[in-house]
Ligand SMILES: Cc1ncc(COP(=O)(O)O)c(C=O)c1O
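One chain comes next, on its own, written as structure tokens: the form predicted on its own.
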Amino acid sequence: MVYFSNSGAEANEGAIKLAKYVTGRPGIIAFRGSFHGRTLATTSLTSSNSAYRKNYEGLLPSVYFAEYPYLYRTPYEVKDGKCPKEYFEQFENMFHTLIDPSMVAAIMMEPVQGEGGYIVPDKEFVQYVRQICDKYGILLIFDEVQSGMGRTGTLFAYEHFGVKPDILTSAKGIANGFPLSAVIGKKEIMEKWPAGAHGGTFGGNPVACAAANAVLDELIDGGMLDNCKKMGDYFKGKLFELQKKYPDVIGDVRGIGLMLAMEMVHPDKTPDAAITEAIRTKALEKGLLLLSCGTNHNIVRYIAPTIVTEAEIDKAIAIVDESIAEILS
């Protein structure tokens, strides 16, 4: 079942309210590096940058932060490429020392972290979060405002991990620019939210909903999901080639589908925000608009449209290549 609203933050706010209402519990667990919006409640669950929280304390109470498995910069030992055990153990530790699990309404998670640095979590970790929620009657909320609507080659990013959330939020690409977002929940959960418990003036307006229907038709029947997978693989391969060319400045290449990023570093692998901004500036001068992200402002993120072609990717890569070469020279 679906409740329609206008923006990603509004959808996430609604998901928080729904979880609290249905469970009767006060606590919410989010993740370090998260971004969920700019309303008071969603700001409370955001930790990608302290600037989003500055001057707004005190925020929503009973919010706790777990560590997101950012393996490129993990302080823990990685054995055989597997997610370190500390990421799994943190939940029981939190329940033992900070908040009893019977007081936690929901765990809110980006299945691929956006503003925090386009970080793809370990599949086993995401499945474990689902298990923890099932064990203690906690609702699992996936914030797919940025990662959803075909961005990763599937309609929603959670499909890559073999788990399903109890509540999912969607916005941004859902209506191709029209103001629309959605709180999508299991029927047995949504039916516990009676009329009047939540609402909004313009949510689900018919023009935006018509646009959303057209988007779904194109994504599913128009071949855009298939193109996203194909072009995502091609784009990522080109980024790996760039990394081989500039190994001292491109520390990591990561992502799924057309939600891709390269992490810019100094030769000692510490974050390099300066070169990230320089690349953005140079690229813009050459006609390519790039965005950055990451808690250290050192990630160049690529969010090409799902209709992107090989020729357009080649042009973008060439511009980034030229920009890096000019900066280094």
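Position 1 is the first residue in the sequence shown; the rest follow in order. What you are looking at is a predicted structure, and each value in this text was computed from that prediction instead of being measured.
One more form of this protein exists, namely the form predicted in complex with the ligand; it is left out here, but the text below deals with it.
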item: The unique member of V104, V145, V183, I141 whose heavy atoms fall within 4.5 Å of the ligand in the predicted complex; value: V145
item: Which of 35-43, 276-284, 64-72, 263-271 sits within 4.5 Å of the ligand in the predicted complex, heavy atom basis; value: 35-43
item: K172 within 4.5 Å of the ligand in the predicted complex, heavy atoms; value: yes
item: In the predicted complex, L18 touching the ligand (heavy atom, 4.5 Å); value: no
item: The ligand contact at I313 in the predicted complex, heavy atom, 4.5 Å; value: no
item: is_contact(A9, the ligand) in the predicted complex, heavy atom dist at most 4.5 Å; value: yes
item: Members of 99-117 lying within 4.5 angstroms of the ligand, judged by heavy atom, in the predicted complex; value: E110
